[in-house]
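Below you will find one chain, with nothing else, as C-alpha cells; this is the form predicted on its own, and questions on how it binds or moves follow later.
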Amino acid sequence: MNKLALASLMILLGLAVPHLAEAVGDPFLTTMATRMAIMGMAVASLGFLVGFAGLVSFGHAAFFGIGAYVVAILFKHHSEASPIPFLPFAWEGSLSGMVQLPLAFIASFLFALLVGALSLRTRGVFFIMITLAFAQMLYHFMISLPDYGGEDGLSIWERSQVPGLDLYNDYDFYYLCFGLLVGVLLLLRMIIHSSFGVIIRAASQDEARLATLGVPVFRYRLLAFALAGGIAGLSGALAANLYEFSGPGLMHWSRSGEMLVMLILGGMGSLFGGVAGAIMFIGLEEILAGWTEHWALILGPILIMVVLFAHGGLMGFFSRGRS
C-alpha cells in the first residue's frame, strides 16, 4: 500500500469514527478520538522540530498551554465584561472561535519566536535545557497570577462559538479537530517538501556546510520553531474547549515529556508519527487505566520495548513490514 492510499484510508477511518462509536453504542469513543486528534496535532508539530529540523525541545507544552490560556482569558473577561488589563486598548474578550483560535496560534507563535531567538543560539543538551527552563518559567509565572486562577487554573463555562458548528455537539467538535489536524498535516507536508523544508533538514545534518554557502540557517530554524509553537498553541486552544479548563499543568515539563513519549512511540522520522503515537498512547492509557490505576507501570515497559525493538516507532515498523 503506497503512502497516498494509506493516507486516504486513514482519513476515511477518521471521518467514520463518530458513526462507528454510535454503532457500538459508546459515544465516549468520539470524545477519546477528539482528544487523540488534538494531541496528534501538538505532537506532529513537535515531530516537525525533532524529526526534520533536528531540534529536540523539552518545553513544547509551554506553547500548548499558552493556546489554552488564550481561550480561558478571553472567556473570563467576556463573561465578566471586564477589559483585559495587559492590553494597550480596552477589550473585553470574545467567545468567537474565529477570534480565539487564530489568537491562540499567534500568541504561541510569538512566544516561540522569543524563546527560539534565545535558545537556538545553543546546541544539543544546552538547547534542551533552555527550552525546558523557559517552559518552567512560564509555568511558575502562571501560578503566580491569582487573577487567572493561579495554581487552580481557570474554568471555561462556554466553548468557542464557530459559525455553523456547535462545539457542545460531540460530532461537530470532533470534525472540527479532525479537519484542523488534516489541515496541519497537509501544511507540514508542503513545508517539508518545499525549499524551506530542504534547508531545515539539511541544517540538521550539516549546519556548517550550509553556513559556508551563505544560507541564513538561524532564520530558517527560528521560523520552523515558531511555526511548531503556533501549531501547538492551536491544539492547546482546542484542548481548553475539550476540557473546559485551562491551568498551569498544561504547560508543565511532564506534559512536554509526555509529548516526546508519544513521538517516540509513533516514530520521529515520519510526519504521521506524532499522530500514530498520540493514538497509541491515549488508547493504551484508556485501556490500561480500566484495568489498574497504576497503568503507567505497564506503559513504561511497552515504551522500552518499542525503543529497543521497533526502531522508528510504529511508522518505522509498518514501513519495514511493507518492504
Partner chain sequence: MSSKLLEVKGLSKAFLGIKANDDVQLSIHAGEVHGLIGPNGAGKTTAISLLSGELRPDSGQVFMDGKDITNLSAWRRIHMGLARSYQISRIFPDMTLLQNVQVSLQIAHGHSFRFVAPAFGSHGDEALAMLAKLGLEDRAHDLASSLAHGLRRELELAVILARKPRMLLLDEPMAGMGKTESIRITQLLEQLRGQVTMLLVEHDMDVVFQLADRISVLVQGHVVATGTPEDIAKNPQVRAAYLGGEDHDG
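Since this is a predicted model, take the numbers as computed values, not measurements. Residue numbers count along the first chain shown, from 1.
Below, we refer to the form predicted in complex with its partner chain, which is not included among the displayed structures.
Asks: Classify Gln205 as contacting or not contacting its partner chain in the predicted complex by the rule of any non-hydrogen atom within 4.5 angstroms, answering yes or no.
Replies: Close contact exists here: in the predicted complex, Gln205 approaches its partner chain to within 4.5 Å, heavy atoms only.
Asks: Although the partner isn't part of this model, could you tell me whether Gly164 comes within 4.5 Å of its partner chain in the predicted complex, counting any heavy atom of the residue?
Replies: It does not: once its partner chain is placed as it appears in the predicted complex, Gly164 has no heavy atom within 4.5 Å of it.
Asks: With a cut-off of 4.5 Å between heavy atoms, is Pro216 one of the residues that contacts its partner chain in the predicted complex?
Replies: Pro216: contacts its partner chain in the predicted complex.
Asks: So in the predicted complex, is its partner chain close enough to Arg209 to count as touching (4.5 Å, heavy atoms)?
Replies: Because a heavy atom of Arg209 falls inside 4.5 Å of its partner chain in the predicted complex, the answer is yes.
Asks: Quick one: from Leu114, Met190, Val125, Met137, grab the residue that has a heavy atom within 4.5 Å of its partner chain in the predicted complex.
Replies: When its partner chain is considered in the predicted complex, the option within 4.5 Å is Met190.
Asks: Which one, Val198, Leu118, Met98, Met129, lies within 4.5 Å of its partner chain in the predicted complex by heavy atoms?
Replies: Of the listed residues, the single hit is Val198.
Asks: Could you tell me which stretch in 106-114, 244-252, 220-228, 137-145 has residues with non-hydrogen atoms within 4.5 Å of its partner chain in the predicted complex?
Replies: One stretch meets the cut-off, namely 220-228.
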